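One chain comes next, on its own, written as structure tokens: the form predicted on its own.
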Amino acid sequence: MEPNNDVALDIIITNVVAVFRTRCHLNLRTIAREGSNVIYKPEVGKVLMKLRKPRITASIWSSGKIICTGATSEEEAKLGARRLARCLQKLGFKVKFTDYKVVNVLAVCTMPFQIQLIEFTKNNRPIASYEPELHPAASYRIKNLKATVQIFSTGSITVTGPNVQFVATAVEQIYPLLFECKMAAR
């Protein structure tokens, strides 16, 4: 296996975080009383609402800002956000679905080999950092993609980025660097 050959890696998206605004004030007590699958957190000033399909959890603030987490694709996140807006409309609020955007995507991927983290960090300073006393993974930041990659010695990596395309590009960029530091087969 050479780094320039095409290798199929499964990138599994585990969480998509999206935000949107309702352009109206939301009464949290009304949502807590009349909504379904709701947890009211008055000490924090928000309501958590869960949807079953798609499976998302939304943090709702009285200002009308809503953060949706738990989706496994950008399409699922948008569908869940729109369903949530519809639920709020049914509770009597004059909701307008605006300013929607995906702000964070978390994905995991497993390399077909193990990685020597110390060698990887030495080769990629100052972009890479590894503090084994604090965390078992090496961290690698890709500034132009606004992505962060956590690399484990097992070959497993977690990628955080602003959208799915940037996450996939980050995996493509880091693969040759990881291939250089793969552990010898035992």
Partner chain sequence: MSSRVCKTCGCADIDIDQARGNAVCMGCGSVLEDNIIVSEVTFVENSGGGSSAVGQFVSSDGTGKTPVLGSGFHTSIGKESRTQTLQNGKRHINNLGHQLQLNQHCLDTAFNFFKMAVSKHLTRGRKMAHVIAACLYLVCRTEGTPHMLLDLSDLLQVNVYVLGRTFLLLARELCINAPAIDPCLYIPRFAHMLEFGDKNHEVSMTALRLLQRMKRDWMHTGRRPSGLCGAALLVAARMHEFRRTVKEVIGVVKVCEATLRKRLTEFEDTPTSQLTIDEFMKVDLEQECDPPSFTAGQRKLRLQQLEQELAKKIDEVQGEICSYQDEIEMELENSRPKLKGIYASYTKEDTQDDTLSVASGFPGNEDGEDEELVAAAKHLNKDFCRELLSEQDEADSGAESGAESEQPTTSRQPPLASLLGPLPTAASLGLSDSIRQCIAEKEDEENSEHGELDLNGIDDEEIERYILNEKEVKIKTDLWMKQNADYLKEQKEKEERIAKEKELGIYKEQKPKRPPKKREPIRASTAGEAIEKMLEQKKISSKINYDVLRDLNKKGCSPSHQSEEAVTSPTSKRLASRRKRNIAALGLGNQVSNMGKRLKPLISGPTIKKPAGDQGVTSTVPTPTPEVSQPVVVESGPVVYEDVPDEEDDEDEEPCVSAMQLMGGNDYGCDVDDDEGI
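Since this is a predicted model, take the numbers as computed values, not measurements. Numbering follows the first chain given and starts at 1.
Unshown form predicted together with the partner chain; subsequent notes refer to it.
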Partner contact for V103 in the predicted complex: the partner chain, 4.5 angstroms, heavy atom
no
Taking the partner chain as it sits in the predicted complex, is F93 in contact with it (heavy atom to heavy atom, 4.5 Å or less)?
no
Given that the partner chain is not shown alongside this chain, does K50 nevertheless sit within 4.5 Å of it in the predicted complex, heavy atom to heavy atom?
yes
Just to confirm, R33 within 4.5 Å of the partner chain in the predicted complex by heavy atoms?
yes
Which pick from T158, N37, N27, N123 sits with a heavy atom within 4.5 Å of the partner chain in the predicted complex?
N37
Who in 116-135 is close to the partner chain in the predicted complex, meaning a heavy atom within 4.5 Å?
Q116, L117, I118, R125, P126, S129, Y130, E131, P132, E133, L134
